[in-house]
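Below, in structure tokens: the form predicted on its own, a single chain.
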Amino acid sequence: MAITVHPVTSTFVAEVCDVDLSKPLPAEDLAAIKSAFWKYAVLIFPGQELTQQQHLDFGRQFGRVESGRIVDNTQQKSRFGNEFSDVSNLDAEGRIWEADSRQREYKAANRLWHTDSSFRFTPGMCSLLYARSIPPVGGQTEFTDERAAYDALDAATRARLAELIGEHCLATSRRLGGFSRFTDEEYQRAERVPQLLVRTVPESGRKTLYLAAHVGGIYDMPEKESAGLLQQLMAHATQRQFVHSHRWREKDLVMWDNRCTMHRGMEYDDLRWARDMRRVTIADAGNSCELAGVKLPARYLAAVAAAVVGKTTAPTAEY
């Protein structure tokens, strides 16, 4: 039986049924999934029984899996290998974290609108998040369609944004979320990287905003002006008409296109209910500026050099 795709709206978010992601996919099913993904940007696969290896194997159908961390894993051991991000409220032994845990403080920024790994020189292309257990109330994930948000901008604003470069840094979003325990080495690894404010998704040709809580400023723009513009764009892109809220079910696998969506986790009683989720993130083909043929300012040459030797492309947004 061929897969079935059930759109939530005509262009954003769809559920995919009649597919078992634990098994190798026929070429026609994989092609249909990719076609749906480029169109809807968020796909929901309910009722999947996946091992970690099967989760990875499906993700690799879309590209190279990211690995590594910025936050030192010697201070918080990972429950999984470096190819997974632990998007849970559990410690290394699978127990609900303590109220004052470093991990809890660090992950508070996940409740801000963001896109995964935009703070890498080579950012994330897509993410695949799998739910092993969920709280009975709260804990939804909201997604916003930055393509539709771009389409809704007036012509003057679109012209103003063309080729503007945002400066992305993990420390920016973590500070906004209240995290204050970076070591000196972690700060050095969390350097600013350039990404375009407006991108084109190559598979669809659609233009999209490329925003995140990781953006701390705009290159060659005064701080006050760039802060005002970024605040205006974030408020615009997260209006309710662009947003879908996903109520998780156990064994949901949800994947989203980081190039044209933002997401945020919603609150739940994280000191009472276990939320066991793990994420695989697939790297993009390159830096957004380079892919668009936009020349990088000299200040970013250090980031380019780090990317070449694998320092900037390694860290991920989670433990």
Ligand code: OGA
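Counting begins at 1, following the sequence as shown. Keep in mind that what you see is a predicted model, and the values were worked out from it rather than measured.
If you look for the form predicted together with the ligand, you will not find it shown, but the lines that follow are about it.
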> Do residue 199 and the ligand come within 4.5 Å of each other in the predicted bound form, heavy atoms counted?
Replying inline: no
> Does the 4.5 Å heavy atom contact test between residue 263 and the ligand in the predicted bound form come out positive?
Replying inline: yes
> Is residue 233 close enough to the ligand in the predicted bound form to count, meaning some heavy atom within 4.5 Å?
Replying inline: no
>> in the predicted bound form, does residue 147 come within 4.5 Å of the ligand, counting heavy atoms only?
In response: no
> Within 4.5 Å of the ligand in the predicted bound form, heavy atoms considered, which of 110, 238, 204, 226?
Replying inline: 110
>> Please tell me which of 141, 89, 118, 173 lies within 4.5 Å of the ligand in the predicted bound form, judged by heavy atoms.
In response: 141
>> Is the ligand in the predicted bound form close enough to 114, 256 and 275 that every residue in that trio has a heavy atom within 4.5 angstroms of it?
In response: yes
> Among 206 to 214, 118 to 126, 133 to 141, 156 to 164, which stretch sits within 4.5 Å of the ligand in the predicted bound form, heavy atoms only?
Replying inline: 133 to 141
>> Just to make sure I understand: among 279 to 296, which residues lie within 4.5 Å of the ligand in the predicted bound form, judging by heavy atoms?
In response: 279
